[in-house]
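One chain follows as structure tokens, the form predicted alone.
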């Protein structure tokens, strides 16, 4: 009997791994193109991380500020990303976002409305105009509801609570994926002509994060082992406002919409400190600036009792707050026993988003591996050194759609399913079962040490010595993670899931630290105490990470593609010189 006969097998033209906004949008488009689509999610359908995106989706539909247009949105995105963005991705994003939002509305998304019935928009940090289309502070939830409804009606096959552990190739091209059902531990094979990765970020490598348990960099690392490259992994965004008290809720996101609707940040002395760090934009400065400001206020002894800042929206009145920020009102009332209509909330920076990820082609979202595509947070390029709030939701709509189109197109051109290599299956099976034969420690202890290491040494502020220490200790953690021991069976075994996730988190953390040590400047979300200034020379390249033929991690610099003249003209001369 062949190895293949022992496993459950499913066949599709396009396999989408990840069922958040990007994955759903990709699956919808691939299905609409006539492809047979399988959608795999690590958790339950509808529990995607997109639901935690609250403030809005950025698109220059110009319903509130008539002078807004795609050119201004493009400029804001590039300036926010400190000119390290893939210019073509930023252009496509700014141009196509309005239509993607209006399409969502046609599919049944219920946005908040202006007096004349158009989609209402609110201001957000780094955006020149009121640009964020929103549904109170539950925008991501409404997007997922709409996309999920659309996907289910198209008849997309959904495989829930399934973890993919290996991408399979034949003659260098994608042939399928190997994984297991989280519930019973049984292995499963998906044969596919093309695969789209939409698996999100890496937040669970950090101690304080707004990210849910699914965010373990598994998509990035699956692609890396298949031969794809990482881009700009050093840029990890710390959202300035996460909950910091009580201990059980540390890191849970406090939406930027609170500041967009008029929330004010003060230190323990009652001083509105953002006037010191960005007097022009104040609380609506970019996330990297606000996060560093809160961190600095604490370092210098002006922090709040639990090490953060006060964020107050109570001056807007109870009715306004409950209408505009219903989730925030309930979140603080139920989790922290704080009434935000009568007093301030206590907030602090929380690991939120990875600007880096897989290097993809701007037009098609394809990686360097034939048949492998990526969209959403797992893919890099659009956001440069720092993402603007609201751009993640329009990103997943624009590039989710593009991924679906091109993956389906690739499947049509490569119409025969490729072979599944039996040796690859045996190796993939062994990689997952070996944990039960190990004699090492509990995986949760290794995870705890990883989070402490990344929090303390590869956090908001970085130094050469700290990064060297982190890289050295990540090697030790990698050795420990290889030998972690799992007890019990493969059924309902969260320790087993963690043992696998650890391998991905540690490898991607190593990429973050190695790219951070290479970038000897401060730019966007990457802040070096020993190199506090932005170096124009460092603005000419992106960081690239790839796997060598002998399995080692190679970190290189890749020349940034120059922006065309017509787009350069949108910027003032002094902005281009300073970059």
Partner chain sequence: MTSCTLKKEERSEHYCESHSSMKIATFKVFRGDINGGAEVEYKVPVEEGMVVLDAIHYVQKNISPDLAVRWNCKAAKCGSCSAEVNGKPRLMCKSRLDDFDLSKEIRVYPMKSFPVIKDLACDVSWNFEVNKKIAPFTPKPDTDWKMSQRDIDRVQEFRKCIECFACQNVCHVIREHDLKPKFAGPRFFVRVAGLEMHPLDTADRLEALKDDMGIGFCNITKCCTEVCPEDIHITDNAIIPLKERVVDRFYDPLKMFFRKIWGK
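Note that the coordinates shown come from a computational prediction; the quantities given were computed from them, not determined experimentally. Numbering follows the first chain given and starts at 1.
The form predicted together with its partner chain exists for this protein as well; it is not shown, and the discussion that follows is about that form.
The candidate spot formed by 109, 331 and 492 is fully in contact with its partner chain in the predicted bound form: every one of the three has a heavy atom within 4.5 Å. Among the residues 465, 116, 300, 422, the one placing a heavy atom within 4.5 Å of its partner chain in the predicted bound form is 116. Checked against its partner chain in the predicted bound form, the candidates 186, 434, 276, 323 yield a single residue with a heavy atom inside 4.5 Å, and that residue is 323. Its partner chain in the predicted bound form is not approached by residue 226, whose heavy atoms all lie more than 4.5 angstroms from it.
Residue 554 falls outside the set of residues with a heavy atom inside 4.5 Å of its partner chain in the predicted bound form. Shown alone here, residue 522 lies farther than 4.5 Å from its partner chain in the predicted bound form, counting heavy atoms only.
When its partner chain is considered in the predicted bound form, residue 316 lies well away from it, no heavy atom lying within 4.5 Å.
Residue heavy atoms within 4.5 Å of its partner chain in the predicted bound form occur in exactly one stretch of 38-46, 511-519, 529-537, 544-552, and that stretch is 38-46. In the predicted bound form, no residue of 58-74 lies within 4.5 Å of its partner chain by any heavy atom.
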